[in-house]
Structure formats: C-alpha cells, structure tokens
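The form predicted alone is given below as one chain in structure tokens.
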Amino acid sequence: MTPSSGRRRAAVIGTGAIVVGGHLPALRAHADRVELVAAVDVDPGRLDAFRAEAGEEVVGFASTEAMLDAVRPDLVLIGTPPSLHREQIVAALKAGAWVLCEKPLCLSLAEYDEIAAAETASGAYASVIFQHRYGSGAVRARELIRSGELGAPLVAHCQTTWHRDAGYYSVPWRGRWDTEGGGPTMGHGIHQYDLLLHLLGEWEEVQAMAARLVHDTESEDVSTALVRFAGGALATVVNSVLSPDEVSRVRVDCAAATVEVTHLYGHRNADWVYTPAPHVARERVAAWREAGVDVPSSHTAQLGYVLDAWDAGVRPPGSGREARDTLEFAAALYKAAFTGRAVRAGEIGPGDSFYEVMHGGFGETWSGRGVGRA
C-alpha cells in the first residue's frame, strides 16, 4: 500500500558496493516516489558505514526476518551474494513486498519456480536487475528491430570479454557452483545476452562449449555458444573473464541495417551505431538515430520502470517470463556445453538435472579444460 506521503517505503538487503554504487543513487533519483527506510547487513561495520552514507534515519538490521517483521516495506532491493537471493526474495514476497534483485535472480530454474510460486501466493512481484534493457538507446533499438523497420534480423554477435585476476576470486563465494551458480556465463555475460534476447525475442536452440583455462575455480572462466532464434536469426555469444582488452558488445545485422552497441558497464545513446544497407534512404537512417532524451542504462532507469508498473497496477518488467527466459538460456548453455549436444528451448524442466543446478551434476567431475562441442 502506498503511504499517505505518496512515497513507497524501501529497504535494502546487503550494503556492499553494488548497493552503494547502484541502488542508493537510484533511490535518491526517485526520492519523490520512494524513500529508503531500512537496511540489512550481517557485517555491523559495513552497515554503519552505509547508514552514514544513506542517512541516519535509515534503520539498520542484522537479519532479513527482523527487518521484514519490524518495517513491512513496500519494496525490497537485494544486493547480496547469489546463493542468498532465493531465500531473501521469497521472504520479502511473503511479507507482501515487491522485490528488485541483483543478477542472477537465483541459481537455477528450480529456484526460480519457487519464486514464481511465492509471487502467485502473495500478489507481489520479483524483478531482476538487467539495467541494460532500460537505457533509451536500447529502448529505441528494440522498437526498430521488433517493428521490422530495420528488416529481418539475420546475424547477431554478443560479446562480454572482461578480465578478472586471481584476487577477484579470493572472495569465497566467487567461482563456486553452490554460491555463484557458475562462472562468467552466470555472473558477467548474463547482462549482454539478456539484452540480446530482449532485442531478438525467443530463442530455439543452443550449442555451446565451456572451459576453465586460467583460474583455479570450480566453474568455467570462458564459454561460447551458437544460438538459433525463432525468427531464424543465428547468433554467437561469448562470455569471458580472460580478456585484457575489456569490452561489452551486441551487434545485430538486419536486412536493412546493422545496429551495434559497444560499451563496458553501461551505455548511452551515442554508444548505439546504425549502419544502413546500400539501398536505404538517408532519411530513414536519420530517424533511426533519434532516441530522444539520453537515458543511460542504469539502476536508476530500471527502478523508474518498476515504479511506473506499480503505479499502473501491472507486472513490472524484468519479472515473470522475462526473468525466467534469461535464466533458462543460461541453463541451456551449460547443458549444451556439458553434454556436447544442442539444447532446445523448453526442454529443461523438473526431472532434468540441469533444472536443479546449472552444472547438471557434472560440476564435480569435469576437467575444466573444455567441455562440449559446437
């Protein structure tokens, strides 16, 4: 229920870097619509530092349960390690709060279906942070592709080639199947291939390879995939933490134009480039490039969409089918890599080992030097 002030009451769970650098600025940008009233962290020192930054009026708690009981917030923003997401999301939903949670929303399709059941029971919703969908450049590109203005999508490339050193994996929960859910396929490239799916729609088939080439981790440090979309387009997807020249890129070649975005951790209108086919009139190209007010991809942009959905009384973007489809793609990529065969959309369900965990039971036995064949 919206408080009499017209502002919804929000709480954050986790007060680390992603909450300080992403969620807190978003809350401040929408301060006319939402107010931060509580924060949860198991580390008292980190919690105190966050409250000093966010404002002493923010009440601190050591547990999610204590906060939900005492505060009954309207909205809960979650920025904890991935293995905690499912439990915290379900608890917040049961308390009647909407949720906006860092990626991955949870560690498996089985966990997602628990979240979906909690949504149904509570009437509240859980969205995952995929902020690259919500920048104005991405909104414009999707409109143009989905409307057919750029012609039929034919070929696409999705690249997340980042670099992480051994120190990055000294954090205990990173690089482990049971706490992170996987390697760069789950923790890094998921932003870019979520954007690819957002632009192109339903996928039909995935073939893949994965390997652990450098890092002493349980999960992969690189994966590659070939994807066939329902509309016929073919795509490549690369997820790496081994790449000194870091870049994030999505490119879609359509019959009338190539549209491409190149960035690292966020994009603006100027990062989107349209290259017309020779037969296309200049007037059409000029219209493509008009994306309106420059809204960077960010937590701020996505929070605005969530609040708009709440005001309209509809399911927020980044929840439901949208959230599950991206998680299913990750599961399919892993299954294709571990089994060495193509995986079709919809085939991973209860009874399939990849429904329960992303490694499908292969995680403790694979050599890590490479699995699967495309």
Ligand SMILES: NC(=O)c1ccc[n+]([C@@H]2O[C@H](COP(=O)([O-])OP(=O)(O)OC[C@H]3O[C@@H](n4cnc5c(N)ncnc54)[C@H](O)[C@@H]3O)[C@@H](O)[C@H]2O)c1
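Note that the structure is predicted; figures quoted are calculated from it, not measured. The first residue of the shown sequence is 1; numbering continues from there.
FYI, the form predicted together with this ligand isn't displayed, but the following is about it.
Of the residues given (E218, E260, D74, E102), E102 alone sits with a heavy atom within 4.5 Å of this ligand in the model of the complex.
Distance criterion of 4.5 Å from any heavy atom to this ligand in the model of the complex singles out L84 from the list V90, L84, A211, I145. Using a 4.5 angstroms threshold between heavy atoms, E347 stays clear of this ligand in the model of the complex.
Contact annotation for Q131: at least one heavy atom lies within 4.5 Å of this ligand in the model of the complex.
Interface membership of H267, defined by any non-hydrogen atom within 4.5 Å of this ligand in the model of the complex, is ruled out.
Residue contact check for V40: one or more of its heavy atoms lie within 4.5 Å of this ligand in the model of the complex. Segments offered: 313-321, 30-38, 326-334, 43-51. Contacting this ligand in the model of the complex at heavy atom distances within 4.5 Å is 43-51. In sequence order, W173, R174, H191 are the residues of 165-193 having a heavy atom within 4.5 Å of this ligand in the model of the complex; the partner itself is omitted from this view.
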